[in-house]
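The form predicted on its own is given below as one chain in structure tokens.
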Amino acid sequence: MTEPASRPVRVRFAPSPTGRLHLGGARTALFNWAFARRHGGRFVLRVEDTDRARNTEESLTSILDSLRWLGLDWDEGPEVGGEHGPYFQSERQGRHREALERGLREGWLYRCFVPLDEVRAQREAARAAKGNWRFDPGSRELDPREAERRAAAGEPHVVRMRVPEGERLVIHDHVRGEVTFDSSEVEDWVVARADGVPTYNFACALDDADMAVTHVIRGEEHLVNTPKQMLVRRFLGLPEPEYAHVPLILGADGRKLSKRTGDTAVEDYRARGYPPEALFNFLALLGFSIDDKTTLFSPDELVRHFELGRIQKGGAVFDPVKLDWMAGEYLRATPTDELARRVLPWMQEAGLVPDEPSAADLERLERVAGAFRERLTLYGELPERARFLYEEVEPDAKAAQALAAPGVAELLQDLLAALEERSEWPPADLPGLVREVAAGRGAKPGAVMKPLRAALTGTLGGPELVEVLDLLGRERSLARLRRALATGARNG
């Protein structure tokens, strides 16, 4: 199967606003976006909002914000418009009703009055007999005029498709090759519920055709829906799109990714401070590869190389360790001024930077972000790492132990005296100064550096001590040494 050459590419992503954007949905959207951009086509966003009981504005806002955060822009859809609207499925029900009425007139749809519990019983009986349940003969063969009369009288019913028997339904899939279904495997499925609202497969097939979608790229769990959608198109004389059913995203246990194995929504990763470029790159690698060696790539590089034929058939395993590695790589590659802008919301939420920061606040934050860049994986890690630069902190257990070690008080007292004599801040040759103080007591430099870090930061980790002294400033640095001498070091 070849990539498109003649007709303009049009693809769609069609989420339901019943929850947040799942990683699987985000990966599907990303593949559609990349394919459209690769071929100069159109990426359409359609909202399938016919589940009135579960739809929420909050979910819709979350989905749109998550797509934008990942860098996925759409050419048609909500907030953008386009020539193939409306882009909310609930606003397209006039078209759906026309198709339903046509199907009933032409006989490839029929009204079914069998109660749901009886349908379930029939299915169970067919399953027990190791057969496929397909339809209830009583409803399927009911005279259309009688069915119309009963419906007009208000008798509850659904509308089903009259699936033809003995036919092969062949799907030419860009990922899976040729997939064949026998029509005997497809039941007379419900195309409209008792309230008259069309079901997913019926509305989806119509909307894809009306929006001139050329390629349907979606998760493999939708493969079983394809024969039903093909039949809708066939009965209505609508053109068939090309298909690409991409593999499931699996957890480490080999099962479909779920909340049991960790966060599953894009919003969760955004809230924890993952760089959007890292999650974009990571999702693109779940089932796709540019080649056998390239791991880190930009959206532009993905677009240049994206081909449906490169998508793998087998499930793609979600590796959180790899994602964290990517996050660190992208964070460290971010320019310092941009990094400061990105970590600002977390610093504000932690109360370390004012909601309306001054120019001095932002300048200092940029210096702090630069100092911690090599030690961060996520934006959300900075507040706790850098808290000692903004607030007085108590030494943790290891820092307190270092401050209480024998001889530390004398070493810190000598270092404090030497630092107080220096007019330059921070001292240009801090290592030399430390060596001098240590030698005066017959100790090694590490015996000074370790408690110095503990006194200044409350931990035994962090940026270079020269950066710490610079960020704290002269007075705060000396005050912390005096405080350490008055507490932990004195106890040693």
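None of these values were measured; they are calculated from a predicted model. Start at 1 and count along the sequence shown; that's the residue number.
Quick note: we don't show the form predicted in complex with a small molecule, though the next part is all about it.
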Inset, instruction - Heavy atom within 4.5 Å of the small molecule in the model of the complex: which of Tyr200, Phe280, Tyr390, Phe306 fits that? Just give me the one. - result: Tyr200
Legend entry - One residue of Arg95, Lys322, Arg375, His222 in contact with the small molecule, assessed in the model of the complex (non-hydrogen atom, 4.5 angstroms): His222
Legend entry - Answer range among 98-106, 124-132, 214-222, 249-257 for contact with the small molecule, defined in the model of the complex as heavy atoms within 4.5 Å: 214-222
Inset, instruction - Could you confirm whether Ala14 comes within 4.5 Å of the small molecule in the model of the complex, counting heavy atoms only? - result: yes
Inset, instruction - May I ask you to state whether Cys204 is within 4.5 Å of the small molecule in the model of the complex, using heavy atom distances? - result: yes
